[in-house]
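To begin, one chain is listed below as structure tokens, in the form predicted alone.
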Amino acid sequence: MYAFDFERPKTIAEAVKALGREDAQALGGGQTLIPTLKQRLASPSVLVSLNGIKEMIGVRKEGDTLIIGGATPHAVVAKEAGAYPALAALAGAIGDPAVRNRGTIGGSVANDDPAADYPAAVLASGATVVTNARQIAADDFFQGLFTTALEAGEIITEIRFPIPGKANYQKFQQPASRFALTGVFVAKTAGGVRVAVTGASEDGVFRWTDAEQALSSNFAAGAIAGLKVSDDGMIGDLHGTPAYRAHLVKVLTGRAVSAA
């Protein structure tokens, strides 16, 4: 490690001001950032912790929308997001107890790891990411590998999830990290079906639009039987080939629809 200043603001306004300092970096649960600092792959001069901002912690339901503060730990989401069972189940299967009690939903979504679980839920739900400056639709938020629409100094204050009529998340996890080797989140709403895939593509989370069209007409696993998932641009590593991940996308989508 190396020397840096550490700030722990109590309000969003204080956090935004602190992040205005030169070379400042926001710190959520630290599940990605701390290992990165240890490996000296990042070296901010100021760390601004978001964990002490009470207005960014908690889960509440307003009408047909579930609102989750950006600094809310995964364990709290798993416990308190019962109005959206598929999302609560997703949160409860992230990592291990230590990770779930430290990692935050805002940190995960802002980091946009290509194998993270929350991005699939945000995209499939058609959620809205709320920052200190604006509101960003899920379809506009994720822009590629570890890349989002967030600007420098912008923080996720809350995420608003429309609660679907039916939803389910299926994850084929990498046993050591418990990240998604491939994961599929399916959400059925009055406006149609959305299918989001994580862990499979070199470009990060994406929507499988062919499946969405088929399932919007017939919400049954058999509706995607004739579809094919291309392995172009899929991740290939020691855990699975691009073709294997493409196969998993279809299998997990079918399982998610059946479970939903």
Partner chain sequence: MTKVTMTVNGKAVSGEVEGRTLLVSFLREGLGLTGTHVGCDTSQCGACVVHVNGQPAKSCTAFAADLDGASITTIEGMANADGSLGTIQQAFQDHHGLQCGFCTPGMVMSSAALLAENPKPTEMEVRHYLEGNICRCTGYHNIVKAVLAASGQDVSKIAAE
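Remember, it's a predicted structure, so these values are computed and weren't measured experimentally. Numbering follows the first chain given and starts at 1.
Not pictured, yet referred to below: the form predicted together with its partner chain.
Of the residues P35, G191, G58, G233, just one reaches its partner chain in the predicted bound form with a heavy atom at 4.5 Å or closer; this is P35. Note on contacts: among N51, S216, S201, T65, the single residue with a heavy atom within 4.5 Å of its partner chain in the predicted bound form is N51. Although the partner is absent from this view, A152 stays clear of its partner chain in the predicted bound form, with no non-hydrogen atom inside 4.5 angstroms.
Taking the partner from elsewhere, G95 is found to have a heavy atom lying within 4.5 Å of its partner chain in the predicted bound form.
Although the partner is absent here, L27 lies within 4.5 Å of its partner chain in the predicted bound form, judged by heavy atoms. Although the partner is absent here, R102 lies within 4.5 Å of its partner chain in the predicted bound form, judged by heavy atoms. The stretch from 65-73, 192-200, 41-49, 223-231 that comes within 4.5 Å of its partner chain in the predicted bound form, counting heavy atoms only, is 41-49. Contacts with its partner chain in the predicted bound form, taken as any heavy atom within 4.5 Å, map within 175-207 to A176, R178.
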